[in-house]
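Encoded as structure tokens, the following chain is the form predicted alone, with no partner shown.
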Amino acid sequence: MSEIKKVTVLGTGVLGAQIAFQTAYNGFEVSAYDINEQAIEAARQRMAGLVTSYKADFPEAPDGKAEDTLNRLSYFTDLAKAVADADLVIEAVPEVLEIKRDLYTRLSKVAPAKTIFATNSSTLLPSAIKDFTGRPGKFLALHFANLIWKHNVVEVMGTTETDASVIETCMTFAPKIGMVPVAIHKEKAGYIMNTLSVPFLRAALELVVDGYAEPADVDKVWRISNGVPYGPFQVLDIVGMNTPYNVFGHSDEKGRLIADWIKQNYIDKGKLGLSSGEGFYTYP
């Protein structure tokens, strides 16, 4: 079993930034990669925002720990430089199969032989990507929940070709970055988390898209009746609009109608959710 010391995160959107920050917060050197300087600048702003979130949610942490995390983060737009000495690469790019396959094709040519590849795909199976990695034995899925410093579970799922030692390495690594690992015994689209949550979020969207209720009222019913802190549209704002747009846009006809509705009413208007300050709700 190998030891993970250096981590690279590919994609610095909402969840990619959280994965990078959480890993660095727990003492690891992290390289963050994205496609251009504009994306990197947005990543720096997300990381700065996470400093504020971590300080608020971990008041017992030593003074300066959240701020010091920024010193363990490096940023790259050059893929080869980003992964030059990585023990583990965690990919968190958009949930579009073609984008992921293209990235892994390029990654396989520049990453060291030692490097483990992990996809954070929400609904795509790692077996749909493994043949593009150049190392199916060292490839698996690590699926994180949003707001990972609070909802700190990570689902670990290999393919039939993933080496058992690679799964063991990732199961051992996860607690070192404050995560609770859960092994998925065989491939399942959506893992445990999204097998449960995607139909739930889709049902909520259908209620609104089909004109039955307003988002705030759907959330109110769910929160009060189940005694939970978040309704589905609050969850969607946390996740961000691009993920449900991609997930439902690649499903059935009804799913594509939902995706089009999200795009027209939210994405095209810059209402991307919590990260942009407005989605189904407005945030300070």
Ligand code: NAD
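The structure displayed is predicted, hence computed values, not measured ones. Note that residue numbering begins at 1 and tracks the sequence as displayed. We call the rigid core whatever largest set of C-alpha positions still superposes within 1.5 Å between the two forms.
The next section is about a form of this same protein that is not shown, the form predicted together with this ligand.
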| item | value |
| --- | --- |
| Stretch from 142-150, 168-176, 80-88, 199-207 whose residues place a heavy atom within 4.5 Å of this ligand in the predicted complex | 142-150 |
| In the predicted complex, the one of L257, L70, A216, A39 near this ligand [non-hydrogen atom within 4.5 angstroms] | A39 |
| Among the candidates I262, L274, V14, A24, the residue which, in the predicted complex, approaches this ligand to within 4.5 Å (heavy atoms) | V14 |
| Close approach of A92 to this ligand in the predicted complex, 4.5 Å, heavy atom | yes |
| 4.5 angstroms heavy atom contact with this ligand in the predicted complex for K130 | no |
| Partner proximity in the predicted complex: M157 to this ligand, non-hydrogen atom cutoff 4.5 Å | no |
| Any non-hydrogen atom of I192 within 4.5 angstroms of this ligand in the predicted complex | no |
| Interface residues of 100-122 toward this ligand, as seen in the predicted complex [heavy atoms, 4.5 Å] | K100, L103, R106, N120, S121, S122 |
| Shift of I238 between the shown form and the other one at or above 2 Å (CA, core fit) | yes |
| Cα displacement of L201 between the shown form and the other one reaching 2 Å, rigid core superposed | yes |
